[in-house]
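Single chain ahead, by itself, as structure tokens, in the form predicted on its own.
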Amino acid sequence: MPSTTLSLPPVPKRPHYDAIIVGARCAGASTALLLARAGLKVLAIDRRPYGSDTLSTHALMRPAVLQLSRWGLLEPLRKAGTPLIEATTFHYGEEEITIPLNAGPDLPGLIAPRRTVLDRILVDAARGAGAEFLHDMAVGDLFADTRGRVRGVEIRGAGRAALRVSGDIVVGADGIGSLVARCCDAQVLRSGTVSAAHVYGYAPVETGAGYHWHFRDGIAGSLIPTNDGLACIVASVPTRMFDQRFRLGHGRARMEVLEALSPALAEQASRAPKDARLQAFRGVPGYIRQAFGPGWALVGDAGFFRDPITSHGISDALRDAAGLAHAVLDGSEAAFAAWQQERDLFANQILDTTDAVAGFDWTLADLGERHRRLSAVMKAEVQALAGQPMPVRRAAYAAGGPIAYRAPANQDEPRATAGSSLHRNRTGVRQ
């Protein structure tokens, strides 16, 4: 009888890293890419498989496209079949306002890649820069030294005992339910006041289509061209309406919303195969969390979440990844404080304008002004990013690590077998 060889999950290549990143989607993979390009030893861990899909609105706004272009990733995304968006149309009831993109060398158009494309390209680029990735692996806990500074993570994989790996900093890029945020008791600095629900589906779309954003009193929808000749078509409603009308099935209620918004939009959605799967997000209020603490930081939705109705989540993730990379490479408390200050400057404005749209308390007459306020914030983001240098490794790092994360003189370098468990001690809950 032939023997069966069981393959054990991979293990980290080293016991200690300059940075450990929990979560390897767009926020985590971007952070890993920038730190690895600067020469740091980086480990990124994600519980999902490499290249897997995830719920997303896909649409990238100007700041995100500018970042990807500067990182040399816009062309690979285009070669992967991601269509270039050259115009955006806002539909306020029967009124249509089309805005052509003012293209430039680093911003030839907008794009809305599938996450199977975007996240994979970010991971591949980070791997090419030397970052290490572990997929299908869960971080179950963090551990700290006797002074309370986070020193590493506990990794769990099927068929293998839990393994501790230490790092100079642990970055939480693990989304709304962030384990890192919970373990580190990251404070919520601000909470949003509203939430909206969104039901996503895909349907074929003609080549050359642009973004389309539809609004009528109390409802909204969008058509976002993405890869494989498809568009992501979204129906958006207040969460209370979702609870009332979508309980008995998402498909029919979604089509009723799309039909009320635009018969043409509903007809486009009806071209989807009969067995096409819909995905729903009931919505949660936005928030801004504390961005960093002793030995840890948060990026992406782990640190700042706003409703998807303004399609700014990926833009926020890439912007904050770049800012965090600068802070990590500098290594000083002042650099981290400056990063959080800049993040919060944009995050507060974006949360304000997003809640102003996601609350559905507008009339069509004043909605355009709310969108213009968001556009002004994005222009300011583009200007800030255009003047931001690429993250560069400091000489202090080459000498042995960032000063802010050195162990105290009377303490040995943290070992993966020592330190208190943050998750058990602080929350009493295991993931």
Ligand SMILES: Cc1cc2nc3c(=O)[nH]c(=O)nc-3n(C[C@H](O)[C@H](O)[C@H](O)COP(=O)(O)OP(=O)(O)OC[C@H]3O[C@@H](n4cnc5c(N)ncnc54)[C@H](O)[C@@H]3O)c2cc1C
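No experiment lies behind these values; they were computed from the predicted model shown. Note that residue numbering begins at 1 and tracks the sequence as displayed.
Keep in mind that the form predicted together with the ligand is not shown, yet the notes after this line are about it.
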| query | finding |
| --- | --- |
| Listed residue (Gly221, Gly300, Gly152, Gly323) with a non-hydrogen atom within 4.5 angstroms of the ligand in the model of the complex | Gly300 |
| Residue among Ala126, Leu258, Leu179, Ile233 with a heavy atom within 4.5 Å of the ligand in the model of the complex | Leu179 |
| Stretch in contact, per heavy atom within 4.5 angstroms of the ligand in the model of the complex, of 34 to 42, 57 to 65, 371 to 379, 358 to 366 | 57 to 65 |
| Residues Pro12, Tyr17 and Cys184 all lining the ligand in the model of the complex, heavy atom within 4.5 Å | no |
| 4.5 angstroms heavy atom contact with the ligand in the model of the complex for Gly175 | yes |
| Partner contact for Tyr200 in the model of the complex: the ligand, 4.5 angstroms, heavy atom | yes |
| Any non-hydrogen atom of Gly192 within 4.5 angstroms of the ligand in the model of the complex | no |
| Non-hydrogen atom contact Ser166 with the ligand in the model of the complex at 4.5 angstroms | no |
| Residues within 4.5 Å of the ligand in the model of the complex, restricted to 134 to 156 and counted by heavy atom | Met137, Ala138, Val139 |
